[in-house]
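First, one chain by itself: the form predicted on its own, in C-alpha cells.
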C-alpha cells in the first residue's frame, strides 16, 4: 500500500505569541506564507489536518481555518475536493526596475514559458506613435505573448517596436525574453517610463489568463529607452494579481 503523505508543516518551526497584539491567525498565516515564499513548503505539497495543526499549536480550529483561508484568498493555497489543501506556486514579486518578466520568473524559480499569439507589422496608432517617437501610421512591430509559469498563465504582454530594430523570430520569442533578444542584438537598455494600474478583466482577458470575467487585473504600460535616448519598445501588459505583484522601495525625503 502507498505510504500516506507526511504533513510538511510538521517540519516547520511554527509558533504563536499570545502576548502579541497581532491576531493569532495572522501570525500563523505569515509563517506559512514565508515557508511557501522560501520554498520550505514546496508547490504540490499537502497541508495536514487542520485539527492536528490546531492541537499542535494550541489553537482553536477556526483560528487555523482562518489562517489557511487567508492564504487561499492570496492564491498560495488551494482546496481541492478529495485531495485536501495544497500549496500552489508562490506569487512572483517584481521589483520596480528595468527587468523583463522572463528574467524575474527565472530568478523566482518559476520555469517561464511563452506562447506567441501575434507577431506582425501594423500601422502605428496615435498612442504607439507618441510612445515610440515615430509618425502615426508608420510600420511598427506588434508582438502579443502569453507568459506562463509551471504551465499556468501569468501575464498577457503586448509590445510594439520600431521596424528594423531587431529580427523578431517567433521561435526565439518563445524560447527567451524580449529584452534578452534586444541585448543580444547589441541594444543597451538604459531606462524606462512606466505606469501601473488595475482594472476588471474583459471576457477575452479572463479566458486568456484563466480568471473570471470582471476579476481584477494588474496593468502596466512601459516605454523603454536605449543609451542614446531612443525609444526602443512600448508595452501594455496585464497580470494576474494572485500570481504577481510589484514591489516598491520608498525613501524618506530629507
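Residue numbers count along the first chain shown, from 1. What you see is a predicted model; the values in this text were computed from it and never measured. For clarity, a rigid core is taken as the largest C-alpha set superposing within 1.5 Å between two forms.
A second form of this protein, the form predicted in complex with the DNA, is not displayed here; the remarks below concern that form.
Partner proximity in the model of the complex, defined as non-hydrogen atoms within 4.5 angstroms of the DNA, places exactly one of 191-199, 222-230, 47-55, 204-212 at the interface: 47-55. Of the listed positions (39, 216, 62, 186), a single one reaches within 4.5 angstroms of the DNA by any non-hydrogen atom in the model of the complex, namely 62. Proximity to the DNA in the model of the complex holds for none of 130, 133 and 180, with the criterion being a heavy atom within 4.5 Å. Among heavy atoms of residue 83, some come within 4.5 Å of the DNA in the model of the complex. None of the heavy atoms of residue 241 is located within 4.5 Å of the DNA in the model of the complex. When the DNA is considered in the model of the complex, residue 66 lines it closely, a heavy atom lying within 4.5 Å. With a cut-off of 2 Å and the rigid core superposed, residue 77 has a Cα displacement that reaches or exceeds the cut-off between the shown form and the other one. Remark: with the core as the superposition reference, the CA shift of residue 206 between the shown form and the other one stays below 2 Å.
Once both forms are overlaid on the rigid core, the distance between the two CA positions of residue 51 between the shown form and the other one is 2 angstroms or more.
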